[in-house]
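Have a look below at one chain only, the form predicted on its own, in structure tokens format.
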């Protein structure tokens, strides 16, 4: 069945979905990596495609920006379309000093200032974490590829323009990078009993004044894309 945000029908979407924030990155991945990609969604220009990679069915679906947006799209994938694995392939800003422009960050956990977890009425503070099976497969894929990568905690921010300028505070807790979606994705996956992982490319270093262009973020972060695709293949063979 379709939803207000996704025109796909049951069976149109693979069990593993790569989920970039930018729908044009979804289109790029589908057109450059998937065999015989079919577009199943164009609602709100949040493109979704299904094809195969190394013979394995894989979908790629845009999520938009922020916990609320990825919260909608990933919830529907897990709970309506029977997706088992969602792998975010997004961009992040470096927080830790040793993390460099274009490095890959695999998010083991996601601290956040978002109130997304309040909906669960938990008697404490929930710690959103990645699924071990996906995390292990991604780290193995990154090592095999020889790409510069880091595994650790990221910070999911509810705001892009932070009036409090709080990155230095997160840096002292050894947070690797800042992004805007992983924590909500991890919570949705946990609640649904499914699997999620965020694989991120460092697109800018805000504490050092370094950044990439919008076009570079859309089309050139191939290490991240290939690690995610190889992760999809690895978990499909389990």
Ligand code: HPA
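These figures come from a predicted structure and were not determined experimentally. Residue numbers count along the first chain shown, from 1.
What comes next is about the form predicted in complex with ligand HPA, which is not displayed.
Chemist: Given the stretches 66-74, 176-184, 47-55, 32-40, which is the single one in contact with ligand HPA in the model of the complex, using a heavy atom cutoff of 4.5 Å?
Modeler: Selected range: 176-184.
Chemist: Work out which of 92, 110, 106, 87 lies within 4.5 Å of ligand HPA in the model of the complex, going by heavy atoms.
Modeler: Residue within 4.5 Å of the partner: 92.
Chemist: Just checking whether residue 160 would be counted as a contact of ligand HPA in the model of the complex - the rule being heavy atoms within 4.5 angstroms.
Modeler: Yes - in the model of the complex, heavy atoms of residue 160 and ligand HPA come within 4.5 Å of each other.
Chemist: So in the model of the complex, is ligand HPA close enough to residue 203 to count as touching (4.5 Å, heavy atoms)?
Modeler: Contact check for residue 203: yes, within 4.5 Å of ligand HPA in the model of the complex.
Chemist: Pick out the residues of 18-44 whose heavy atoms come within 4.5 Å of ligand HPA in the model of the complex.
Modeler: Not one residue comes within 4.5 Å of the partner.
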